[in-house]
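So this first bit is one chain, no partners, the form predicted alone, shown in structure tokens.
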């Protein structure tokens, strides 16, 4: 049976697709508890009954958003791996930081929702979550920090989390940090990339590599 999410992905211009796109934005800005279905319906320009017809309850739509964003993130990581595979670690990190930050700055709801999931409690959403441990293992293997993605030490996982969380914080905190730094958006994104590379490439391109 084809799910509403699969239908929305197949036809992004359909009503299901438009609602999913709006839900990503609104859940990404306000989180699960701060969002109502009326807010999403208003964003699309439809009445609440139309939203329920296409997606059901708020929890159903939120679960679809989490799955959609998880697949989005996984797909981008796979794309990055194809580009950087076989290159020296410093080069891999340089390219990966550019690609991932560009992707996430274009889709800030991903970083926002990941941080909401880290630091907030969302009732009745068991079964729908980001595959964070899986992503950490994939990144660790790509960076040559482990020999087997099924056996990643806690220390290596912490190192990868340091990179991931830094990226997400710079993206989610843009509206706070950018005015503080008096930077235009393009300048801010460039500085974020430069800062991430300044901190992490020297740290990882030394003795950490297997």
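Residue numbers count along the first chain shown, from 1. Just so we're clear, the structure is a prediction, and the values are computed from it rather than from any experiment.
Not pictured, yet referred to below: the form predicted in complex with the DNA.
Only one of 149, 159, 168, 58 comes within 4.5 Å of the DNA in the predicted bound form through a heavy atom, and that residue is 58. Stretch-level contact analysis of 179-187, 41-49, 138-146, 160-168 against the DNA in the predicted bound form, using heavy atoms and a 4.5 Å limit, identifies 41-49. Contact between residue 201 and the DNA in the predicted bound form is not found at the 4.5 Å heavy atom cutoff. Shown alone here, residue 36 lies within 4.5 Å of the DNA in the predicted bound form, counting heavy atoms only.
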